[in-house]
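Presented as structure tokens, the chain that follows is alone, the form predicted on its own.
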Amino acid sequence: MARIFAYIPHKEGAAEDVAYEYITAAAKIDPNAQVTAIVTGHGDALDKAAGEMTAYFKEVIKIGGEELAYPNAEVIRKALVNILPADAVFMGPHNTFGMDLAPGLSVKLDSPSVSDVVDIEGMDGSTLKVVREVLGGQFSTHVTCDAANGAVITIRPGAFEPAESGSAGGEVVDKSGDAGDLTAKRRFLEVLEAEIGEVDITKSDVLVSVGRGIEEEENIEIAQELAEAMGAVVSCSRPIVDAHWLEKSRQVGTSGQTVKPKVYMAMGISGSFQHMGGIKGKPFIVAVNKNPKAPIFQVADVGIVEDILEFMPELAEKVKEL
């Protein structure tokens, strides 16, 4: 039976969505596995996050210290090496922190590492079988690794269904004293919050988001007309910001804003994991794209293969009629 450990990212004590997705991912590795949550931090935020996780995990390890107030991968890697058993299957989030943490951790543990996992086919003996995407999600690769000495994998946020509710009645185990030396060569300076523009897309329940399929800056107006008809706000993917067609504050993604709308209209957006990483919660996703193989269709509730420049004006008129 696999021993699975899940690193819980949190902000000021509030666990990120991927924390609840680990439960589904772990069950795919081994439905009978013992899954332990690991929470790091300092002070009240650490206690709040650890306490929340006891509803979902039977065991919650907390590691506290002033050095852990900010999730510095160099420091946390040192702590994990001293905490994790030799055969641990470790799951972390596939974000900037997880990509910083995982490679070095796998070296220290002498375990294989697989990044950006979007599905898990299970564990056959000591062989772990997972699925990851390449070339912007155009292809899926089935990866096997020998997990006899454990494994380090990063889970793409949003790839697995989150646990709806928890009643695990878990216990918090404080292993701060076992973390060892937490000195580091780099140190946290400050958090620079994303600039909020004239419109705060993080507060909108409905977003009309445009990508490369908008083709020209002048066509942004078409999206704006649809958004106005729906009582929505226009947002975008990174290429639109790079082209200076919309301001940075309207960008959704890991390098932009994190949003949690009720409805997300993805217009001409391919659906890369960098973009989808900025969408939290469980919004109703409507995707319109000319490419029937666009990765966005894998997560969309409604997928429409169509030219957005023809689709958006017609939809706007229908909405106005209603």
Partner chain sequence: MEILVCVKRVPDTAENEFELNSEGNDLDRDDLVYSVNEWDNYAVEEAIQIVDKVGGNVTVVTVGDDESEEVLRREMAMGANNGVLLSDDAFEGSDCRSIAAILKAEVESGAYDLIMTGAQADDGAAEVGGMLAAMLDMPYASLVNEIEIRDGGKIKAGREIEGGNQEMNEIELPCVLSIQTGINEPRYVGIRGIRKVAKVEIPTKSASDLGIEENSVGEKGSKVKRLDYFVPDLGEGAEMLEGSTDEIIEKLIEKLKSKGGLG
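Positions refer to the first chain, counted from 1. Computed from a predicted structure; not experimentally measured. Take the two forms, superpose them, and find the largest set of C-alpha atoms that agree within 1.5 Å; that set is the rigid core.
The following text describes the form predicted together with the partner chain, which does not appear among the structures shown.
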**Q.** Heavy atom contact within 4.5 Å of the partner chain in the predicted bound form, the stretch among 61-69, 41-49, 26-34, 252-260
**A.** 252-260
Q | Candidate from Ile83, Val143, Ala168, Val199 lying within 4.5 Å of the partner chain in the predicted bound form - any heavy atom | A | Val143
**Q.** Proximity of Gly13 to the partner chain in the predicted bound form, heavy atoms at 4.5 Å
**A.** no
Q. For Glu164, is any heavy atom within 4.5 Å of the partner chain in the predicted bound form, or not?
A. no
Q. Using 4.5 Å between non-hydrogen atoms, is Ser204 touching the partner chain in the predicted bound form?
A. no
Q: Report whether the minimum heavy atom distance between Val173 and the partner chain in the predicted bound form is within 4.5 Å.
A: no
Q: For the heavy atom contacts within 4.5 Å of the partner chain in the predicted bound form, list the residues of 308-322 involved, in sequence order.
A: Phe311, Glu314, Leu315, Lys318, Val319, Leu322
Q.
Aligning on the core only, does the CA of Ala49 end up 2 angstroms or more away between this form and the one not shown?
A. no
Q: Examine Ile63 after superposing the rigid core and state whether its CA is displaced by 2 Å or more between this form and the one not shown.
A: no
Q: Would you say whether Ala86 is displaced between this form and the one not shown, judging by a C-alpha shift of 2 Å or more on the superposed rigid core?
A: no
